[in-house]
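To begin, one chain is listed below as structure tokens, in the form predicted on its own.
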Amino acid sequence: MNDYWLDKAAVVTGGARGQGASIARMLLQAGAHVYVMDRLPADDSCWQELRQFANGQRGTLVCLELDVAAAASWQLLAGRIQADTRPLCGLVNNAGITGPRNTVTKSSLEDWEQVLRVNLTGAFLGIHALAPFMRAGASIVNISSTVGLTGYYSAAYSTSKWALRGLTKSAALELAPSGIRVNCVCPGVVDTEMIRSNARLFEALQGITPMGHMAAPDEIAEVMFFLLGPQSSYVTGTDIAVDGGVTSGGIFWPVGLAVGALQAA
């Protein structure tokens, strides 16, 4: 299995930084030909760091400054994949935005539609465009959130992540006869720029995880890598929470702390 990714291709969206870059690096180390899509400008330092990492790895890297919410982006990528001799064996729909994190009545239609275009429609377009080029044994991993497993005040973001789980299950049913698996990873609090860019949110999230710390991007990427590979060959249509115990503890984690029955890590 160590050579599974040699001469195979994979696509990672939102892969220039954070957990997307982490899974891209793992695939490169394993020998994959990795197409990374991201909206970051071509001169952003994140692209440079990823290219530097790719030098000397077993795999090869293609950096694409593309918008996942645009059908034309996927058509362009599909054309490149069709022209390549390497089989497409992996797709990670990781790209996502939070939007303004407003409640239902305070969300503008423009903000609502933008979040759903990127977080949900982007994944739909990716599966729609690339699944026809995938063969038996290939795997698609959609990145939802623990927000997609529970209530959350940010209406557009929450809705997009719940809906992404539904898209996962629909695609898993359709593609199972072709031997293509589709699964969903639901990260908890991950130490990335998305969280750190909001100081009040970052502070509020410090104490909610029973394991006592935020996830490193690599900890989420390890689960993605498992779902992409042959080790998970009988797993499809599932939601996997990678959250340090947040959703399993629910409301009773803070209750347990408050009454002294539980202790913080």
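Predicted model, so just to flag it, every value in this text is computed and none were measured. For every residue, the number given is its place in the sequence shown, counted from 1.
What follows is about the form predicted together with nicotinamide-adenine-dinucleotide, which we do not show.
Look at 185 to 193, 83 to 91, 124 to 132, 171 to 179: in the predicted complex, residues with non-hydrogen atoms within 4.5 angstroms of nicotinamide-adenine-dinucleotide sit in 185 to 193. Proximity of G244 to nicotinamide-adenine-dinucleotide in the predicted complex: non-hydrogen atoms within 4.5 Å are absent; the residue sits far from the partner. In the predicted complex, nicotinamide-adenine-dinucleotide lies farther than 4.5 Å from every heavy atom of A155. nicotinamide-adenine-dinucleotide in the predicted complex is approached by D67, whose closest heavy atom lies within 4.5 angstroms of it.
At the 4.5 Å threshold, heavy atoms of G249 stay clear of nicotinamide-adenine-dinucleotide in the predicted complex, well away from it. The partner is not shown here, but in the predicted complex the stretch 144 to 163 reaches within 4.5 angstroms of nicotinamide-adenine-dinucleotide through a heavy atom at S144, S145, Y157, K161.
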